[in-house]
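A lone chain, given as structure tokens: the form predicted on its own.
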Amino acid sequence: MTNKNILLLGIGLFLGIGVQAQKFEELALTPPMGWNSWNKFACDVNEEMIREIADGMVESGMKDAGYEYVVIDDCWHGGRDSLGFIYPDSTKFPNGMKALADYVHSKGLKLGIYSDAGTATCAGYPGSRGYEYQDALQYAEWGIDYLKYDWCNTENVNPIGAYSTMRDALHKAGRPIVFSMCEWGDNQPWEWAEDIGHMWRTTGDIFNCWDCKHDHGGYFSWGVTRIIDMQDGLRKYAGPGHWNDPDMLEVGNGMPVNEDRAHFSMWAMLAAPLIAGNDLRDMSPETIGILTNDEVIAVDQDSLGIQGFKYSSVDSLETWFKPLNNDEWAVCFFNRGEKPAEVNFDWGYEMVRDEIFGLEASFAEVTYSIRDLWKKQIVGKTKKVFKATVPSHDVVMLRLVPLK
């Protein structure tokens, strides 16, 4: 009996004995970090490039900074064999996915792949509808560690049922795989997906601009500030193992350094997955510096797993707070405007409470040291008014640590 026949027999056994609804619970306890091919390369993916990206993740210091998933998005597919099993395009991936996974794993990284809950992917390649268990078994056999699961060509499909089916298929296949749901927020997945996926998209696709709405002729993608605004009201649904996903990073894809820095900082404040989308083989020192800022990453990866919130907004300047472990806080002064903004923040007169999670920054009773996370230096204590100038489309990001 061939391996494929054994796998088909396994599918029959899975379906015959029923499925216990569950996901892999010990994954994504902090927001996943990695890289995805779509934002920069779209359908131009191949084995050589993915190997080079894995090399770049290691050589640039990104692996040491916490990035681990190398995710191949749409267009890797060849077709299905006579038994219905998916296989990769043999021209793009001549050595197959198992060999590629082995190479990525040899670098201390993990390999991710893409499919779709519909009959076809967004680019028109075979989707997983009706083949969920076969695809899950194939991914496990290849050594896949992460699945991005899209929502194109899903007419009349129930999203809860579709994503639950793939969750169950992945679990039955037995290999722990992070399940990234890319349903674009159309059916409010934050309300029902905690037990299904490890992360779920809250919006349509991101676009590498500060504040824009890009028309693709039938659907829109959104600039950084537009996507930030779409996160309003969602923070109560996120936490360890189940994250709101405002889409992948555009850092290094053409925006100015200040906008990239603000983009990265706000994704960290949102406890968002940090999935880079640029060419890791060709990065400026400024891009590497942003993507590997360990102190900003630590805010995103904080074990408390609480998403930040907007505390105030005056003209173009927003003030955001994020509770951290050990009674610490992250603060981000976010300037959305076209001119520099002045910060005069008198800690003693501010009442910072996280009503959802029951936490409070007691500035009147506790003194905190203030560390600037981009300057990487202590800049004062909360006993004094904090003053700073935030350049246009930029941030000042701080970490507050209570003093004994």
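Each residue number is its position in the shown sequence, starting from 1. No experiment lies behind these values; they were computed from the predicted model shown.
This protein has a second form, the form predicted together with a small molecule, left out of what is shown; the following refers to that one.
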Exercise. How about Phe309: is it within 4.5 Å of the small molecule in the predicted bound form, going by heavy atoms?
Worked result: no
Exercise. Taking the shortest heavy atom distance, is Asp73 within 4.5 Å of the small molecule in the predicted bound form?
Worked result: yes
Problem set entry | Residue contact check: Ile297 to the small molecule in the predicted bound form, 4.5 Å heavy atom | no
Exercise. Looking at the partner-bound form in the predicted bound form, is Asp150 within 4.5 Å of the small molecule by any heavy atom?
Worked result: yes
Problem set entry | Interface segment, criterion being heavy atoms within 4.5 Å of the small molecule in the predicted bound form, picked from 133 to 141, 163 to 171, 232 to 240, 200 to 208 | 200 to 208
Problem set entry | Heavy atom within 4.5 Å of the small molecule in the predicted bound form - the one residue of Leu317, Cys122, Met283, Leu324 that qualifies | Cys122
For this session: Work out which of Ala272, Met248, Val224, Ala262 lies within 4.5 Å of the small molecule in the predicted bound form, going by heavy atoms.
Result: Met248
